[in-house]
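Quick heads-up: it's one chain on its own, the form predicted on its own, in structure tokens.
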């Protein structure tokens, strides 16, 4: 009697990963790290690919499979998955195969322009600040109580050792970001990259929120603004040797306008002041890791707050 091979079907596949795989039909992926709901894999060119279990948001260069957890694949660091050229990956030790052929393609960048309302996300920003203060998360997000306004925090401030250590560098970064030469703030990112707890350190999550917002913020996101695009990409170059592999790829994607589904939906809800969608999105993002979602939310808040203030100032000057 022949034992039927176990087949695991992909539910969703990121648009960039599908394009990548179709251009490389014969491919091997080496397992870098294994977690409860995701496996990180590397190509020979050190491109990071993520296979995740159901319930996870789609991420850049990632796919979500119809499995309750990735342990069913029995993968270990150093294992190799080989592709047969048909969007199918064979698991090691005869554990079956992962089929991506029928997975629904999901975008990992915004496909429509953001619609900035007359009051550019003010109520949305207030809601984010309130929820972050109540969350009392680890990492650097407690600094939202004093930033990006630049007020000097009292000596009795609540926080943690990470907030205390990075406060001055973060304050300087945001002061330059709000200046008339915001691109110069990107020169200061080397003081922040790699700092904080987690597989994606807190300041990296914060910077991902900043970079993603800047990419889409007009005129920053304009294709004609090549100077800024080069600066955004330079942050990723700096990150390559200063932080974790996973974090480097996160920053590289953010600098190109790519992020996981929840982060993109959150950005749109903030800009369009969609409070109905925002409340649940904030909770969804705060659930990411012990501090990753909160620190990303803090960065996105700072970037959008600066943008909103600039829009209000411009409108006042023109009246």
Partner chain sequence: MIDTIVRENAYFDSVTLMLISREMKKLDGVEEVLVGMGTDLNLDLVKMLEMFLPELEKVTPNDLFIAAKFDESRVNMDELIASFDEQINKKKESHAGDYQPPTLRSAIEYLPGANFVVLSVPGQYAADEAENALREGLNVMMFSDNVSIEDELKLKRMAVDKGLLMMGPDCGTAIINGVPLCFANVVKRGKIGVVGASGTGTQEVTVLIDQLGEGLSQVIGTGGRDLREEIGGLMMIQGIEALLADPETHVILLISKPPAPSVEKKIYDLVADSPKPVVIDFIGGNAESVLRAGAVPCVSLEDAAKKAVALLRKQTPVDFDGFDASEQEIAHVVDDAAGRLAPEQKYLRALFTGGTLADEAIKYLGEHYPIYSNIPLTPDRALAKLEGLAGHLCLDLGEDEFTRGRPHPMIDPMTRTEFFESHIDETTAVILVDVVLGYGSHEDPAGAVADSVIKIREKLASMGRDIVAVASVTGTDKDPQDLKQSIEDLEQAGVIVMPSNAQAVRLVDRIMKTAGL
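Residue numbers count along the first chain shown, from 1. All figures in this text were calculated on a predicted structure; none of them were measured in a lab.
What follows is about the form predicted in complex with its partner chain, which we do not show.
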Query - Any non-hydrogen atom of residue 190 within 4.5 angstroms of its partner chain in the model of the complex - result: yes
Report task. Evaluate residue 252 for contact with its partner chain in the model of the complex, applying a 4.5 angstroms cut-off between non-hydrogen atoms, and reply yes or no. Result -> no
Query raised in the report: Within a 4.5 Å heavy atom cut-off, is residue 99 in contact with its partner chain in the model of the complex?
Result: no
Query raised in the report: Is residue 215 close to its partner chain in the model of the complex, meaning a heavy atom pair under 4.5 Å apart or at it?
Result: no
Report summary line: Assert contact_stretch over 140-148, 242-250, 170-178, 91-99 against its partner chain in the model of the complex, heavy atom within 4.5 Å, equals 242-250
Query raised in the report: Judged by heavy atoms and a 4.5 Å cut-off, are 78, 185 and 237 together in contact with its partner chain in the model of the complex?
Result: no
Query raised in the report: Which residues from 36-60 come close to its partner chain in the model of the complex, meaning a heavy atom within 4.5 Å?
Result: 36, 54, 55, 56
